[in-house]
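Quick heads-up: it's one chain on its own, the form predicted on its own, in structure tokens.
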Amino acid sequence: MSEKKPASVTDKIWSVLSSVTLAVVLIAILAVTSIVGTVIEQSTDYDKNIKVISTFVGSGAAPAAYKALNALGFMDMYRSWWFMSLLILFSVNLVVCSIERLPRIWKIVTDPMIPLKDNVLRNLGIRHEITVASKPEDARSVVESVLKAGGMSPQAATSSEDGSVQVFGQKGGWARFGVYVVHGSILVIFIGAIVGAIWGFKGGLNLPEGTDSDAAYQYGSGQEIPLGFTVRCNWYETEFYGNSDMPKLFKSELTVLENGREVMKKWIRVNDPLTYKGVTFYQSSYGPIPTPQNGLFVFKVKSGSGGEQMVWAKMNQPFKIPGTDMEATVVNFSPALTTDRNTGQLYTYTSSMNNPAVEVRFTRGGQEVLRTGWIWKRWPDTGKLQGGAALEFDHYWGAQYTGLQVRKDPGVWLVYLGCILMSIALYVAFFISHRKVWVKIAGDGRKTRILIGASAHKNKHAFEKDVEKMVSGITAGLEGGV
């Protein structure tokens, strides 16, 4: 006996890469690390993740745990070298496994069907036997018609031993390749993820009203990310539920500028972002500017006849009230003014712009002080004037910033394509099967015996019902099953 040749290094590597065990291990590692990456917010502020980690290890051990996780790359896990390596290794494993098993599947699909012996037919998973009072020629014609109606292209072969005829057909052979399309879709998704991680970014940008920026900033590190264009916040607005402090909607009007020229403008809201040249701006947060330098108070001046006019004013600078002989001066501002129920005193209860109000001094001729009072944005009637006119406080422009999440993911279209392919492939893999039917027809001159055998590589129960319909069709077509 000849000695078995020892496996080469290449063969050993191929054997490891084609191992299903390796695939299971890699899937488990990717699943566990992805759970960690989901719990720990990626590329975000230190304080946020410290709070999360504290819930698991306590506040005392949280800084050390954060330091260890950060050193391992878990704070920006999906861009880390080891996570990329896992994705690449799993992709190679998928490719090698597919190559290893493809020739056998290809042979099953492409090899022509051949007649089967009786003992093989009787051992198939699905089998039926009927006897009819018809000629074999008539039976063959009906069988071929039934197979055609079932979506199969019938073929026939005659046995030289007993003169019987076998009619056989198949359909759905291509369904066996569904699993390879699943593998391919996973690879496309992984490639999209890798492309996004290498050439994309995720950052943030806080833009006060009236300001612009040509860069975003990496979460966590604060590294500047050039955008290649300029984005400006024209206006920010928050809407509340009724007279409560619960935000109902916050939105920003953004303008995109290139070479000083406006190329795009859009109001963005949560789940309705602005995208330009692959960079997407999401409405993420908002907040007040502690000491606005260029804030302007925006008023609606309504005349007694129903006309309306917008007026912009600065703190402590008088402005004319159109349609009247009065002037007004903003002398005080509160982002959230309310009345103490016990003392009746006015006070500011938060720095957020929840219930803004302005204190306005009204004069005539620049000298005569008519009155001084607070005008609330939430209650326009507080700005009513004599003669039916009204001064309504609309906005404190330049006193708030809009918080934007800025993302660029050039691989996202590959991820979407992979998801579409996977949906189609999973449907094929789970609901469409490779189905084969053999029908042996043998007659003794008075009766014809028909032996039916069938197989399906999945969904056997559903195919068995289809075969039963075929049997009923053959019996009905021959009129005389016994």
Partner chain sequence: MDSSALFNISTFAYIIAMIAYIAYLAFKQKGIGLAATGITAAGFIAQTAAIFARWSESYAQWMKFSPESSVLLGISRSAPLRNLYESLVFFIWSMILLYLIIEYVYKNRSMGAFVTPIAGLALAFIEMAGIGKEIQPLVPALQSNWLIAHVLISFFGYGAFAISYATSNMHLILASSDRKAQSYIFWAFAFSLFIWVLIVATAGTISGPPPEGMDGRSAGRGMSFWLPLAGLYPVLFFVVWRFGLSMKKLLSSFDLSTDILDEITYKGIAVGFPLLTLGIITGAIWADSAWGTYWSWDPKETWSLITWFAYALYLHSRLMRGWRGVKTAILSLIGFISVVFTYLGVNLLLSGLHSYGGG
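Residue numbers count along the first chain shown, from 1. Because the structure is predicted, anything quoted here is derived from the model rather than measured. For the two forms, the rigid core is made up of the largest set of C-alpha atoms that agree within 1.5 Å on superposition.
Note that the form predicted in complex with the partner chain isn't included here; everything after this is about it.
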- Query: Looking at 432, 69, 39, 61, which has any heavy atom no more than 4.5 Å from the partner chain in the model of the complex?
  - Reply: 39
- Answer with yes or no whether residue 193 is in contact with the partner chain in the model of the complex, where contact means some heavy atom within 4.5 Å. yes
- Task: Mark residue 311 yes when one of its heavy atoms lies within 4.5 Å of a heavy atom of the partner chain in the model of the complex, and no otherwise.
- Result: no
- Query: Looking in the model of the complex, any heavy atom of residue 376 within 4.5 Å of the partner chain?
  - Reply: no
- Any non-hydrogen atom of residue 9 within 4.5 angstroms of the partner chain in the model of the complex: no
- So which of 165-173, 386-394, 123-131, 272-280 is the stretch with heavy atoms within 4.5 Å of the partner chain in the model of the complex? 272-280
- Which residues within 388-414 place at least one heavy atom within 4.5 Å of the partner chain in the model of the complex? 405, 407, 409, 412
- residue 198 C-alpha moves between this form and the one not shown by 2 Å or more, core aligned: no
- Message: Aligning on the core only, does the CA of residue 40 end up 2 angstroms or more away between this form and the one not shown?
- Response: yes
- Task: For residue 168, decide whether the Cα shift between this form and the one not shown is 2 Å or greater, given a superposition on the rigid core.
- Result: no
